[in-house]
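First come two forms of one protein chain, each written alone as structure tokens, so that there is a structure 1 and a structure 2.
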Structure 1
Amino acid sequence: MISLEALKLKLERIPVVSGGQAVRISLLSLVFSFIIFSIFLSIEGANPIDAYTNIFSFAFDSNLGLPTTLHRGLFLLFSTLAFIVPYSARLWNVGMEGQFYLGTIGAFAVAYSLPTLHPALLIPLMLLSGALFGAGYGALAGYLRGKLNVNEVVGCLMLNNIAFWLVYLLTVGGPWAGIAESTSRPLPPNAHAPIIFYTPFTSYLAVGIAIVLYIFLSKSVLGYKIRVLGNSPMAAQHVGINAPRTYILVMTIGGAIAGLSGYHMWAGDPAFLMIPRPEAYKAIGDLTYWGLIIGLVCLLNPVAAIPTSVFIGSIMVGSTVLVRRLRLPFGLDVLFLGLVSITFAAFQFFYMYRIRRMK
């Protein structure tokens, strides 16, 4: 048990944490996780400074890691936005993983059935279908929560696992199976995302959605209603906000955004252009939970989520050099991400309290 009294310290509650403070706290928590990870690096016999230099020089080098950094970072932005909208109504959308899988299914279904369609038609259709599939899956979780009162965390996680097996059903030995073992058929060339300045156009779409959501949540009437419901369900009831309907709405929006990332992920990275084997798409699906961490770290600000997502993306991409270039053991890169996430979670404390010395 931590007894602050013994250390002559006391906690002081912060009513509202400001943006500036949040930035400082986040930087502090990053420094902390970097220090902890240095211990692991030293155990494995690597020089931490050398490792960090390698990580970030790789991640931001436009000839090496930068395209992937932007791609993965903006993939995280989709997940983050999919978390932020429901959480503004204090609904935990941890179903981004399932919504992303459904978005994948939606997009690929269009591409496989209309492979010869002109890209100017095919790509928007794939995006639309992905968003619709994701939205439907989000709406399902929202319906379970809003109308049937099923806890959304448990509901979403069950749906995620179901969606994982749905993709499996279609790709491994299913109708979309490719020639290679347990991956899907390659996407038709017409479906490949155009790359604009190092990154697929969907990256710009993500940034655009972030800006629109910022305005929607802070300036529009509906956004205001969502926030009222989030801050005080009682007050929302008194002013006549329909809570179940709003819950379904926010989950639908969240699901649609997560669904879009299905196209962005597989059609935007030249290394994929298909659904890879189950462990590989699951590994990407697991990244979507970062949406929760990034959303909270950014105080639900969609615009602040843009640079934060890209930065986390740079850690994801950069830390792969530990294994590939520095020949350190497999898994060290995912350990780094895990450390960053647990320290971010722990440092949420400083969003609420300040430690003061007792007089």
Structure 2
Amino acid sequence: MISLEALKLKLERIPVVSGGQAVRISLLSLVFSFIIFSIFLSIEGANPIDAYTNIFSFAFDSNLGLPTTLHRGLFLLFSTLAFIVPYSARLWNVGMEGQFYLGTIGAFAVAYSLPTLHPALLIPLMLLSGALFGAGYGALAGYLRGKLNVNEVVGCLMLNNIAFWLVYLLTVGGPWAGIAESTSRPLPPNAHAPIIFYTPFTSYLAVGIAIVLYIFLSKSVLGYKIRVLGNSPMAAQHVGINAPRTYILVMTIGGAIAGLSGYHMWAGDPAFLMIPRPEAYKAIGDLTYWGLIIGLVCLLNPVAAIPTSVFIGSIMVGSTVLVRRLRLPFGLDVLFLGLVSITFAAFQFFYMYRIRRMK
């Protein structure tokens, strides 16, 4: 216990945070980020209430931003789930970016090799190939950590860089190069993801995976072993849990989920239907790191990650109106996302401690 005598306050360690407490902390951090951003909006001469009304009315309008909100939000869900499974064993999977790139390669390789195949066969094969490519890349990071004791953060970051240049070599003057400069050939029409209620069917796949993972991690024997390893490696070793094998397993699962997002992103958005220029697919790859923030905020709860991912997606999509509608300076949308991420991270403190006033 740490006493702050001057302020008559004390910090108390919280052994376990309940779901209700986690929700309250997350909402408080969100309110705090909105207050800070409102100050910036006021400095720029904008009415904060008007700005927020425009942001969310655009993001959730079915005729405007809703399809993109759902698409981007569920893309973040794939990344979040790819982080949650390894981190349950206390492995930091920061390789979702590279696994997403490898999933892209796997899915597009099938589409370009079998362009005339019926969609009922082609699309499942693309998903399977994307998942396998991503799983292989995740398994490699897990092997480096489990068998060779290579720090998973270092290993994943190096693999991310390799994956980026693999896509580059295929699309920029490579065998997949298209007519437009530095982009790939378009996907064949039968490879496009079917749209169901404003969003590609892979969005519902992501939700289904989240529910399955929740049951797997909380109810199954293997899920229990993963959590034991994450909470206490010494206890796991004592009861005979094979740590290297488990590390490879969780990274493989995480990689497979991230690999699926390659198809979801490029085949599910009519604005793409190809691999775009390197700076564009790198920008999408950078979004995968939101999986870390969302996963930690949701306390590794895959189901709680569903609405959180969609909400963050709505901010990403809706905040673009700050420039287009309200004529505010470019970059405020990025600032808003940055404030949300920083406050979410800062409020992680309250998952571990509570502040009480001394009598």
Partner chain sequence: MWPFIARSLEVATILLIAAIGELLNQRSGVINVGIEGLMLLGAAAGFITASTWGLIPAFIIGMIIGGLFGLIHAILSTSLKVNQVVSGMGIWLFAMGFVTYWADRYSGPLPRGVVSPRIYELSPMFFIALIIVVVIWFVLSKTHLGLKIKSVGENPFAAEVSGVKVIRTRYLCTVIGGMLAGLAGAFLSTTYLGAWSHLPTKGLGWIAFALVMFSLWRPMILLGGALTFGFIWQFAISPETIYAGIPAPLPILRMLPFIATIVVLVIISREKFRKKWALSKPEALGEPYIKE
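Just so we're on the same page, residue numbers count up from 1 along structure 1's sequence. The term rigid core refers to the most C-alpha atoms you can superpose between the two forms while keeping them within 1.5 Å. All values reported here derive from a predicted model rather than from experimental measurement.
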| property | result |
| --- | --- |
| Pair member which, unlike the other, is the form predicted on its own | 2 |
| Core-fitted comparison between structures 1 and 2 - CA shift at Arg325, Å | 2.5 |
